[in-house]
Structures are given as C-alpha cells and as structure tokens.
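Below you will find one chain, with nothing else, as structure tokens; this is the form predicted on its own, and questions on how it binds or moves follow later.
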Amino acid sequence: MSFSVAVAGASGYAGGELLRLLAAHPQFDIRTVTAHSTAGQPLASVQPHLRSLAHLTLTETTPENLSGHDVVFLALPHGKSGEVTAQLDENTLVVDCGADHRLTSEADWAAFYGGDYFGAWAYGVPELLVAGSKQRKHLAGVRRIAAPGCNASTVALSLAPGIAAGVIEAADIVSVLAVGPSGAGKALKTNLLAAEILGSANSYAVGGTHRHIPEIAQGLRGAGATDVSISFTPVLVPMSRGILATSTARIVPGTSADAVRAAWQNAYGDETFVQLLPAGEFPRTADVLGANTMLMGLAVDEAAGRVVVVTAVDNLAKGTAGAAIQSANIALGIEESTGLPVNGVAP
C-alpha cells in the first residue's frame, strides 16, 4: 500500500532530512513540498542533494496545499504548525517536527516558549519507557504525532532505563551536550557562521533556560520519576550535525554496577535503533551520521556514586526526521524500521 505525503517546511534542514529519508521509503509517495520565502522555486535549487526529487517545486505552506494527503509532515518554526494543523482533516496523519504539540503542560509552554498553546499529541519516541512499557504502544493508529526535540529525546532515552528500574535518582541529573549548529535551523545567524564556530566551542542557553528542559523532565516523569531536577547545558561545536550527550545521575545507594547496566540492557537489548555498547566502549557522533541509530556507552563512577551515560545521535536523523518517520510507520501499521537506515556514513 502506498501513502501520499506532503512535507511543509521542505526548504530547511529538518525538512530536507525528512525528504532524504522519505525518498527511500517504499510506501511513501512524496507529492507536495511547501516552503515560505522559497515558494515557487524548484526543490533542487534549495535542496540540491535530493536528486531523486528534482521534479518537485516548492509551493506556499497553506492548509489548502497540504490537504488531501494521507500523511503530512511539518518542519515549521514553533507557533506555526499549530495554526496549520487545526485546519487539516482529522483522518490525515499529521507528524509535527516542531515544538507546538510536545508539552503536556500549558504552564511549561508559557514559561519556555510563549504564545498560543495548541495541546499535546502522542509523543514520537517509540523506545521511550512509559509506565512500564514503551511509547510505541501509544502511537499505533493515532493521527496526530509530536516528533521530539533532538536534545530532549537524547537525554530522556539516556536516563529513562535507570529511572524505570529504580536504580538511579532523578533529583540531581547533570547533562552536557556537544551539538552541531544544524539543530538551530537554516536561517542565517551571525553566531552560527563558519568564521564564528570553526576552531571554537561555546555554551548557550546556560542556567536552565533551554526550551528542551521541560520536555526532558516530562519524558523522565513518564518513565517513573517523581521529582526531576536537571542541570542541562548545550555546547555548540564545529560539526554540521550530531549530538554527543554526557548525562550523569546519582545511583540509588546499595545498587550494584551490574544492576545498573542491566537496567539499560533490559530496556534496549531488543531495540533496532537504540543500542547499548559493550562495557568500556563509548560512541562517537561520526558513528551515527545519517543513520536512525542512537548509540550509548555506560559507565559506573563508583567513587562519585553516579552513572555516566554517553549518547551519540544524528540530530537531524534519529533526533528529528527519523523519529518522525519511525513513529509514522507505527501509526500506519507499517513495519517500524521501513525506510530507515541503521548504518551510518563513514568516514
């Protein structure tokens, strides 16, 4: 069975990654691509790497242009997708890669984003532990999905197994992420110019201000945490895409190192896209470039009484577009891994 697809925001980084992955999907037929300032231009003029889609032309992002498709993927700035989706047929599968439908708390939305609150949709992180099971069971058959924030899903997946198993505490989490600038989008910004970031690393959104913090806490509460306290600091580094997250949390006193590792192995041992590396091994962002794969390395710091989880993910692939397509597969009853690469690109 083939499903007709529209992608809104197709001229950006997330939109381009959606199209790259969708182009290899045997059951998705990309018929419409929309944009704002580049509407009217050939897709290949703004996404020249998408050669198999060179026949498509960008149109205006309107409900009328997006209507009539089986699946609509949105890669729009926050505040924009909520306006559009309210006018789409309820039987259309809509997957929002923006932030508009991720948060279940209107107060969190007001504090970290502001503007109109559009309500929460099914969260598009299939492997996330939720109340003793996985989030994928809440995606089957739904018609509205909120794809995750790349930083948020990376940290939540890094620590949820320990929370769910009761081997780590959620009251003193520290997470520091090395991130590539593609996560900030394609719009020109002085601080993201090559001259500014090459040969340098700098933190941003320091001191609890990053918009993904409430989303991380929400994910960990779903895994069983009752009191989440996280110090979250992203650091911009000169790689176009990728996240390397180092997250630490206190181990529950009396818990053995074997029990800690077993929690992650039990959670992800059967997963295709979220994989725990053997003891003593830690991932690089280069290992997951272009893949819908998240790799984790785990260590127990006995002296500090903390677990250390190092996670690598491609922020545009598994972090955004891959998660969106994986979740759409589940919603439509398609085999979950269809069209999604598990292998990265190297060197």
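Computed from a predicted model, the values in this text were never measured in an experiment. From 1 onward, residues are counted along the sequence shown.
Another form exists, predicted in complex with another copy of the chain; not displayed. Remarks below refer to it.
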*Do T32 and another copy of the chain share at least one heavy atom pair within 4.5 Å in the predicted complex?*
no
*Please run the contact check for P238 against another copy of the chain in the predicted complex: heavy atoms, 4.5 angstroms, yes or no?*
yes
*At the 4.5 Å heavy atom threshold, is R284 in contact with another copy of the chain in the predicted complex?*
yes
*Touches another copy of the chain in the predicted complex: T62 (any heavy atom, 4.5 Å)*: no
*another copy of the chain isn't shown here, but in the predicted complex, which of 133-141, 116-124, 206-214, 75-83 has heavy atoms within 4.5 Å of it?*
206-214
_For another copy of the chain, considered in the predicted complex: do all three of R250, A304 and V345 come within 4.5 Å of it, counting heavy atoms only?_
yes
*Partner contacts for 198-221, taking another copy of the chain in the predicted complex and a 4.5 Å heavy atom cut-off*: L198, G199, S200, A201, N202, S203, V206, G207, G208
